[in-house]
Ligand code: HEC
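Given as structure tokens, the chain that follows is alone and in the form predicted on its own.
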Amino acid sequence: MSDTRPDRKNTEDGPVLRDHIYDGIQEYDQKLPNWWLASWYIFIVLFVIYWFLYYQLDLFADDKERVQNAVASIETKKATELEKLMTSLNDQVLWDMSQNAKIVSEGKATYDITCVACHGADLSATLSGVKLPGEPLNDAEWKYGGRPMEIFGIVKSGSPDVSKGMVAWEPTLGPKKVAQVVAYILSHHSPPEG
């Protein structure tokens, strides 16, 4: 029986082929380059150091702690923004915001994402004649008060009747977007005379 394998080369500077063949493939038998071995050993040492610092000495925050810190930071910023907004916000400021085209367009964009499913695109709480779950916002009747700050309070904190009413949107949107949505709603109404 004749051997059809290539001859094994045993030179100092060339590749050396192993004697075995698997699926018609013959492997080289060479040392790994020194730069690769050095990199490998360095990364092993770095891993051991990192493992010791992370798991034994607890020097790094884990993902859960980082997320909790980020959420706490966001909540603090939202609370500060709400406090700042609430000190300067009143009925007249909301009416003035409803006359600002930029604020109204930003409020409409938020309304189209979060409110249109319950209150309709035209604020009538209907869709092709079918009553939607929300109250109409384009008429003069207001279930929980029609003053701008009362509307702001409903959007911000939700309906007093939690079982049937609207959820609180301030945790999701933040106070600035809530004010913009209220300005958009008020842009479909006229300020009271006097």
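These numbers come from a predicted model, not from an experiment. For every residue, the number given is its place in the sequence shown, counted from 1.
Quick note: we don't show the form predicted together with this ligand, though the next part is all about it.
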Within 4.5 Å, heavy atoms only, one stretch in 26-34, 152-160, 39-47, 62-70 touches this ligand in the predicted bound form. Which?
152-160
Hey, in the predicted bound form, does residue 108 get a heavy atom within 4.5 angstroms of this ligand?
no
Verify the contact flag for residue 58: yes if a non-hydrogen atom of it lies within 4.5 Å of a non-hydrogen atom of this ligand in the predicted bound form, no if not.
no
Taking this ligand as it sits in the predicted bound form, is residue 17 near enough to touch it, meaning that at least one heavy atom pair lies within 4.5 angstroms?
no
Does the 4.5 Å heavy atom contact test between residue 98 and this ligand in the predicted bound form come out positive?
no
Pull the contact list for 113-139: residues with a heavy atom within 4.5 Å of this ligand in the predicted bound form, in sequence order.
114, 115, 118, 119, 133, 134, 135, 137
